[in-house]
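Just the one chain here, laid out as structure tokens, in the form predicted alone.
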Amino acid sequence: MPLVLLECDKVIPEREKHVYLKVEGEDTRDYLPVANAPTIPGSLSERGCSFCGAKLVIGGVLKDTIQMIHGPIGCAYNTWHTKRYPSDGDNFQLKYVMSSDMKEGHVVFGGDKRLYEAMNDAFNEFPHIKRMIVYTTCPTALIGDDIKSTVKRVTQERADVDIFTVECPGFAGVSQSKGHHVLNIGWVNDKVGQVEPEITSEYTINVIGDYNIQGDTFMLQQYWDKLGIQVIAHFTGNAKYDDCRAMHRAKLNVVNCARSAGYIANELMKRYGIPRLDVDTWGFNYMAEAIRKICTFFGIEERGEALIAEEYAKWEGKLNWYKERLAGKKMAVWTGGPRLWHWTKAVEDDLGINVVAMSSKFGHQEDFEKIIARGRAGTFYIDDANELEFYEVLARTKPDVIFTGPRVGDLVKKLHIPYINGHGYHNGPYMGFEGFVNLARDFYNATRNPLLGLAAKDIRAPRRSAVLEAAE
């Protein structure tokens, strides 16, 4: 019973191993869905590639760094301007992306010269930017271009620049999760320990796995400032390249997105002895718990309690207003990986919403352990869901709102079901106390939008009758 073969999957019976329906009293050790496995042929995956996981999720967020994609222009275009991660500078990371623009001739004869020219062109075009990340893509990895050799040549000629290489083409792993891992380990191997930060507080942390989606980092930074905690580096929301080279000097690693950046936290623990503390920052209860954990580590519990009391006094009344109006609503979550277990209990406990279906694009089995442990019986938990499964599960669960990204969101709109952008947000930030009120507001507005009712009506037949009657 717990592993379910959906009606649409009868031609791909292997999909049964990836679809779990939670029932009371079951031991999830026996029934975890298969995860982090290659997509089954014939199933239309919603996953991103490994290169995308490195560039779009992590590296591309750095605010003072040239993003050089060695490959066809499409690899650059499709990972540019799709996430909303602002910075407190001129938003260089949102405005620009660079590509070596590989053509067929370069694939045949090699693209190293093309990359060399593109790197120099980029540094010449932006002389104030002295940092760069160079990524391989599928074509350049297949033909064996040696990007490290080219990078070495450029750095020898330009003494004031620093360049990081990410050799993770799209085909390197089963999903974008591979790209997270490669960039994390590469960064700690090649860059951490090269810069010494100025220490201004006895309480120092790295914030790992927060990418400043619509200002999440700005929101959380207010809390660290009030607590007197210095952030050595954000990995990588609103971050500078060199800040992330100084991560070895923090006393604590605070990990938010464990799937995309837990790897570097583990390496920093092994190599530098920096403890790792995992937190959730969506939802009132989770955010308060995170502040308490961090303050307990540093022995400043009184500051933490004062901050929590201050934030509750500001925002709890507004949250409760939305909770009264959202209680009992049903929601499906169709996102990447850990956000499923970050959001599930938060929306259920703090907003009274019931999560009826969840799908992960790149989660591992440990993610599903957390998701299922926090989720309710009667909920679907699906790894690497395809489009037909999506339609069938929606028909069975009938959610009031979908939390997903723009790709699935386009399908949702055709069904006249409201969706909230779980990747780039609608009107964020969503982290922290104020951020969760923003999320509640967007839920409320989405489920009460009168346009949904109008969009579902076919006005053609009545309109035609009226015209005919007038003509007669």
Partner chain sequence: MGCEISTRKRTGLINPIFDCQPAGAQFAGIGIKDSIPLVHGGQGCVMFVRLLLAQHYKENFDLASTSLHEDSAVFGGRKRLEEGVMTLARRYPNLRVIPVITTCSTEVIGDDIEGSINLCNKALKEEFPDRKIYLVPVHTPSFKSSQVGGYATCLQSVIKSMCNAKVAPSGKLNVFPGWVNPGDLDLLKHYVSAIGIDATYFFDTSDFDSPIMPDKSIHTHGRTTVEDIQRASGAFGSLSLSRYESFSASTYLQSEFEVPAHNINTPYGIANTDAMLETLSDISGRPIPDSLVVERGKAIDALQDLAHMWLADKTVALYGHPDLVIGLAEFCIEVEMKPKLLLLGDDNGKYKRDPRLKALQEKVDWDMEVVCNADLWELEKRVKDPAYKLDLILGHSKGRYVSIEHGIPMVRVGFPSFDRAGLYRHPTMGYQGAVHLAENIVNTFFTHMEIKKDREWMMNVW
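Here the structure is a predicted model, which means the values were calculated and not measured. Positions refer to the first chain, counted from 1.
Omitted here: the form predicted together with the partner chain. The next part is about that form.
- When you look in the predicted bound form, the only residue of V437, I40, V34, A446 with a non-hydrogen atom within 4.5 Å of the partner chain is I40.
- Checked against the partner chain in the predicted bound form, the residues L252, I308, V174, V279 give one hit for a heavy atom within 4.5 Å, which is V174.
- Of the candidate stretches 386-394, 367-375, 145-153, 211-219, only 386-394 has residues whose heavy atoms lie within 4.5 Å of the partner chain in the predicted bound form.
- In the predicted bound form, no heavy atom of L21 sits within 4.5 Å of the partner chain.
- The closest non-hydrogen atom of V192 lies beyond 4.5 Å of the partner chain in the predicted bound form.
- In the predicted bound form, the partner chain sits within 4.5 Å of a heavy atom of D9.
- Contact annotation for T296: none of its heavy atoms lies within 4.5 Å of the partner chain in the predicted bound form.
- With respect to the partner chain in the predicted bound form, the three residues V97, A118 and L411 uniformly fall within 4.5 angstroms at the level of their nearest heavy atom.
- Heavy atoms closer than or equal to 4.5 Å to the partner chain in the predicted bound form belong, across 31-60, to the residues P38, T39, I40, P41, G42, S43, L44, S45, E46, R47, G48, C49, C52, L56, ordered by sequence position.
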